[in-house]
Every structure is written in C-alpha cells, then in structure tokens.
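Taking the form predicted alone, here's one chain by itself in structure tokens.
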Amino acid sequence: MTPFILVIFGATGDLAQHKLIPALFALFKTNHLPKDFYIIGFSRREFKDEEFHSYFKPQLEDPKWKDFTSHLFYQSASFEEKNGYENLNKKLLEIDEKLGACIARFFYLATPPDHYETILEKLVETKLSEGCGHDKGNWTRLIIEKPFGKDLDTAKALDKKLAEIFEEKQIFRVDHYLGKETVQNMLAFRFANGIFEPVWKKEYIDHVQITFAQDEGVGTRGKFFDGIGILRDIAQNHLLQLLAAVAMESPKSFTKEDLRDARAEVIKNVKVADNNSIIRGQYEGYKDEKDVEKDSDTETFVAMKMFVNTKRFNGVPFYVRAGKKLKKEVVEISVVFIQTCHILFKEYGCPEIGNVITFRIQPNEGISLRFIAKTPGAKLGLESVDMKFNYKEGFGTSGLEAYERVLLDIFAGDQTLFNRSDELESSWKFITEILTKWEQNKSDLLTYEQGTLGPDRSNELIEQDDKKWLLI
C-alpha cells in the first residue's frame, strides 16, 4: 500500500471516537497500513496532539498505541474559517516535502450533515480539493457519511455539489453495512452454490423478512436523530442495501460497476405494497431523551411491506422493520421458501414453516438453514431444525470489522461497496414518497413499549397475510 494522508473532519465526534480511529488502530496492529501514513484530526476542540491521543481512552492501555500515535496529529479549527484550512494545507505540503512525493489525500467528512456544504466550499476555496498533483482524481478522495441529504431534493443538491468538485471515482459514500462479512457472503452464498441460485426466485420463495433491531435508544445522538428519524437514518441506506443483496440479479462480473448496476436495478424497482403497509412508531419516553423536542413526532420505528418489481421477485412480499429500544440487538435477513408438504406426509402434518435461510449480520455473523426432519421415536413426526454456521467457528475468525474493510477499500480506491449516485437517487425517491405521505397524516404515529419489538400493528402487518415474524 502506498503512503497516504487521511484528514478526519469532526475528529472528536462519535464516529471518529468509536469507529474510525479504533478501525485504523486495528489495521495498524495487523500490518494493513503502509510504513508512511498520516492521520490528521480536524475539529473545533482546543487540543494539542498529546491531548487528542488521550481522547481515545479504550486504546490507551494497548502497548502499540504509542507507536500508532506517532502517525496521529490534530488541528484545532472551525469548519467555517478559512484560516484552519490554510494551516491544514501547510501541514500537507510539509508531509509531501518530507517524503519527496505527492501522496494520496483522503478527506473524511465524519461530521453532522449540516457541515458538509461548508467544508466542501472551504476545500474548494483553499484549493485543497485539487490535491497536490496534476491528476487530482488519482491523488484526492472525498469520503462522506450517511445520511446523504434529508430527502430527494437535498440529496440531489448535495450530489450536484460533489460532482462540481470531484469526479465520481473520487467520491466514496459510506454505508458501512456493505462492509459486513455476511452481506458480502450473501453474493458468494447465492452465486457460488449451485443448489441455491436455481430456487432463488418467485416460484420458490414465499416471502423475505428483514429485521434491524437496536436495543439502545438515541443516547447522545438526540440532537442529530430528532427530526431525522429511523426511516432516513436506517431504512434509506442499510435496509435498502440489505434488500438489494437478496434481490439483485447475478452481476455480469465482480467488478465495481457491474455489482453497483445490479444493486441499483433492485433499488429502482422497490415499491411499498400500499398506503396501509407502512407502520411508524415512537418508543415511550423518547420525548424525555436529551436534545429531543418535547412535542417531537420523529419515528423511532418503521415496518413496511414492500415489493421488488423485477422478473425474478415480482409478487414476493418483503417485510422489513427497524427500530430503537427494542427487545434485542439483532440484524438478520430470512428468506422463507414456499411450504410444499409432500403428499406422503399429509396425514402426519408438516410444520407451518418449512425451509428458511437466515443471514445473521449481527451479532455473531453467520448463516442458518432450516429444514424439516423426522422426530426421534417409533412414530413418524416432522419438525423444523436448524443447521448453523458462523464465521468465528467456521473460519476461526470473524474477519475484518465493517469499518476496517471500508477504510481498506478507500485506500485502495475500490468503490464496489460504496453507493453510486443513481443508487442514492432511487433510494431517496422511494423514501421521499413515504415522508410526503407522513407529512399529510401526522396522526398515524404509534407509541410502543420499550423492550418489545415495536407497535402491535407491525405484527398485524404480516399476520394479515397469514404469516408471522420469525424473530419474536
């Protein structure tokens, strides 16, 4: 790997503190980073380098932390003031001069979205966006975190702004769930195993369930989350990307554009079943959370019945739900196959649900296959049993953490696991249609008890079709 400089805007925020710096440190300890690399934190807090190093308390006890901090620097500056960017530019030029070469520069916007435009404007004004070489596309990259806008119009405006400054190959829109091992393994599972791909279509699949359950509330993110809601924060990106991994056609190749073409085609064809197939809720006590408005109508839960109008999945319902303060912390996808109890077993009775393939994204990433077996004993009886695989037991390792994989791909210039602009536009078009309906009818926000799996109405959503949530 060639030398690089990574500038993290918002370096004292939650993302940098809990995800980015720990991921970079993990990559350093496993020798995934080059000999020469520089990480520069850029934020408002008045820190010296040593104080910035001490900010990451969980890492302080590690004997390798001191070696890592020789690559870790800090610059105190306001996002709005040009002077900070000019000082940053001086630091970057000093590093280039020290190494005797123009090295790659990565600008990571780990800030709340309302700072994006300001930072982008200052990067242009100080010519930092131009990099240090003649071909900036090969030497400068911009990394931006979700949410990419608040609706279709703001997403388009942000995308237009980015396109005015950077080429598409320089823009890395992060959805770290695409870096999860199980999400990537879904492609291998489907297309490398001849026993599954032939039945991965509407003739054999009854329905698909996707659950994104968080047991925590908004915590310290109240200021960010309130007014954004779970639909924008989780459904627009994570849920739609998980759905695309299930429903996509086989890509022509495993190159970045063919994979992104396949994902984009799914997202473009996602539709909500009807106006009564969207449930939104808010957990009891949400309005008492720190930095949350007392009359807030922000949803902390959403459940939907959706369809993917493609030849492969036309007519197959997708039931998806996501929420905070739920019963357990779990993210999983279950593909439920049509129950076709053979005539031989009709008199003995078949289980209500037959074959199910479940992809567990967290915790304990893995895959399980449910099939029907005879129960022990003299009499013939049938029950469902699970055959399970998880990464830790199967390979002796859980693999790279999502942000570790994301960062390595950024450094390598590989955009396969990053959203393309057309994917983004299609997802926001879908989400904005829902938001518009909610604006017209604010009375449909339900409350639900903490520690449950959302409003009772979300159970009715699936049970009215004579189906049940598998995760209860």
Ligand code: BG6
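A residue's number is simply how far along the shown sequence it sits, counting from 1. The structure displayed is predicted, hence computed values, not measured ones.
Only in words, not in the display: the form predicted together with 6-O-phosphono-beta-D-glucopyranose (BG6), which the text now covers.
Although the partner is absent from this view, residue 321 stays clear of 6-O-phosphono-beta-D-glucopyranose (BG6) in the predicted complex, with no non-hydrogen atom inside 4.5 angstroms. Under a 4.5 angstroms non-hydrogen atom cutoff, 6-O-phosphono-beta-D-glucopyranose (BG6) in the predicted complex lacks residue 226 among its neighbouring residues. Interface membership of residue 161, defined by any non-hydrogen atom within 4.5 Å of 6-O-phosphono-beta-D-glucopyranose (BG6) in the predicted complex, is ruled out. At a distance threshold of 4.5 angstroms between non-hydrogen atoms, residue 126 is out of contact with 6-O-phosphono-beta-D-glucopyranose (BG6) in the predicted complex. Stretch 234-242 is the contacting one of 332-340, 187-195, 267-275, 234-242, since its residues have non-hydrogen atoms within 4.5 Å of 6-O-phosphono-beta-D-glucopyranose (BG6) in the predicted complex. Residue in contact with 6-O-phosphono-beta-D-glucopyranose (BG6) in the predicted complex (any heavy atom within 4.5 Å), chosen from 359, 116, 212, 286: 212. Checking 173, 305, 176, 122 against 6-O-phosphono-beta-D-glucopyranose (BG6) in the predicted complex, a heavy atom within 4.5 Å turns up for just one residue: 176.
Contact residues in stretch 1-20 (any heavy atom within 4.5 Å of 6-O-phosphono-beta-D-glucopyranose (BG6), taken in the predicted complex) are limited to 19.
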